[in-house]
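Heads up, what comes next is one protein chain in two forms, each shown on its own as structure tokens, labelled structure 1 and structure 2.
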Structure 1
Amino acid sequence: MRGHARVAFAYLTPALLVLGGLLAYPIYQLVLISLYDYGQEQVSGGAPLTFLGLGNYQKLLGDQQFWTVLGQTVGFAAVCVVGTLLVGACLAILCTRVRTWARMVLFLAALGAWSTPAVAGSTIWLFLFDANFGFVNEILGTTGYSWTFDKWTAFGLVAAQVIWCSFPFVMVTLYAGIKAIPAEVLEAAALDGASTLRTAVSVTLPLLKPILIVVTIQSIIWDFKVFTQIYVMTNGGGIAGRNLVLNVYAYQQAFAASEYGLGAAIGVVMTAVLLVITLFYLRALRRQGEAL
């Protein structure tokens, strides 16, 4: 067994080296920058670096705006994850009940949403919801209404766009999981007199639980670090920063305010949170026998 482990490790070594170069070194630099007073003067060489230790983290944790943005990020990600799972699950079930041609249309439409670049998708959604020329306002008879002016409608619009480009992954994954359930199991439940709802709750859902865990954790990782949609659709975070999430907040601190050390500290906090989520993701994969 040890020999097999050494062979497997030898095969994985090149990939580990590449990952180390692409991930470990940038993370090291991110942590290093977060420990210094690193601004525009230090970048240009006009002032020496000042070691702050945990000073940037203390400043960050003592900033009320950071906690507000963190709460907004968690809430926004939660809405996106729940919406993505609901839309993806409903369409996955629908795909199992329609004819082949209809299922192919659904898959092609989902593929279009999945493959659309985030910037292009966000721009299209802004055009659809434009106050004066948008198709949605024309249909609703609300011409002149700005969906991005109010904080909550702006968040809702961005969340809808994120769900639109994220549901295909959930739909296809759950559809494959449903089709993988042995027909004999469902037939046995039907013979025992179980209703469709009872079969779904007591048979189908428990069998899909490992897949649901994986797609949920994956969606959390994606939605927690949303940047492009918020930045494009709210013009950099909304009026007076009302629609900031952590990624956009870090960008503003690092590049708009030239507080690179503080921006790096935000990045480290986000990385730590996502690493914890990733551990749950790997644990779910291990249970399925797909990793490690």
Structure 2
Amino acid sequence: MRGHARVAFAYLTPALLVLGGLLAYPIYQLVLISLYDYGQEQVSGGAPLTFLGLGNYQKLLGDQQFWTVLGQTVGFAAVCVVGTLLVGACLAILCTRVRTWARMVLFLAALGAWSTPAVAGSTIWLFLFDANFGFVNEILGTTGYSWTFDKWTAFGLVAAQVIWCSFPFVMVTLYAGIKAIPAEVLEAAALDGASTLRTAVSVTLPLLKPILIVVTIQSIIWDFKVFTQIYVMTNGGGIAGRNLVLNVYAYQQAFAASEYGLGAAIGVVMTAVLLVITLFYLRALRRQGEAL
């Protein structure tokens, strides 16, 4: 047994080294930098390094705006995750029900949205929703109405864009999952006289659960870290910064302002929050008797 373990470990070593180099080291640097007063002066050697300990964290957690932005980020991510899952799941089911050509069209459209670069996608959406020349305002007859001015319409617009560019992943993955369910199982359910709803709830969903879990966690992580869409569509965080999310806030308050120490602290807090959310989610699942 011992020999086996050693061989297994040897096989895993290259992967561990890569993981260590690409994951552990940057996180170590991030944490380290977050403990220092580390600005452009310090980077280029114009000023000595000062160790702050938890000073950056203290400053961050004592800032009223940080909490507002954190709340906004969580709410915004939640809406995006739920929206992405709903749209993706509905379309995946639709895909299994329609003819091949319709499915092809749907897939091509989804892949188009998926492969559009975030900056380009955001800009196109801005054009569509432009106050004076936008297609949407022309259709609705609301020329002159600014979608990006009001805090909530701005958030709504960005959320719609985020859902638009992230539902294809959910759709394609779930479609593959549904297709992978053995026909015999569904046939057996049908023979037992189960209704469509009953089959969906008692057969399809449980079989899809592992895939749903992965897709949900992915979405949570992506949507919590949204940057491009907010930065481009609300012009760097909206009027008076009312559309800021954590990532944009970190960029504006810390990295653009050369406060890398503070920026690193925000990064650490974000990582921690994401880990906690994901762990909670996994634990909740385990309580239901499901394990990943």
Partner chain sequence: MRLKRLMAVLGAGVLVACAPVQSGPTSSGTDEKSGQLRVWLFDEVNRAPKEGVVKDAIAEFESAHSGVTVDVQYIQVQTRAERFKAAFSDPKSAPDVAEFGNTDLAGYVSAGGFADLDLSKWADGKDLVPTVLDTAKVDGKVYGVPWFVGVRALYYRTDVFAELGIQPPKTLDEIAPLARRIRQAKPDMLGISAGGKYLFAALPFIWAQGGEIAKQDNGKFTSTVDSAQAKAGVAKYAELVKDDICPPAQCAGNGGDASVEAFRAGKAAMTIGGDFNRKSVDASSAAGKYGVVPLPGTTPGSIAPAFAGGNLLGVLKGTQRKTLANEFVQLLASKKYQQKMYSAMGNLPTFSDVQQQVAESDKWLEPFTATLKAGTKFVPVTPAWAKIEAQTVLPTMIQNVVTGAKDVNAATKDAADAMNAAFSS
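Throughout, residue numbering runs from 1 along the sequence of structure 1. For the two forms, the rigid core is made up of the largest set of C-alpha atoms that agree within 1.5 Å on superposition. Remember, predicted model here, so these are calculated numbers, not experimental data.
Only one is the form predicted together with its partner chain; which? Answer to the question: structure 2 is the form predicted together with its partner chain, whereas structure 1 comes from elsewhere.
If the two forms are fitted on the core, does Tyr260 show a Cα displacement reaching 2 angstroms between the two structures? Superposed on the core, Tyr260 moves its C-alpha 2 Å or more between the two structures.
Determine, in Å, the CA shift of Thr271 between the two structures after the rigid core is used for superposition. For Thr271, the C-alpha ends up 2.3 Å from its position in the other form.
On a rigid core superposition, how far has the CA of Thr13 moved between the two structures, in Å, if you could check? Comparing between the two structures after core fitting, Thr13 shifts 4.4 Å at its C-alpha.
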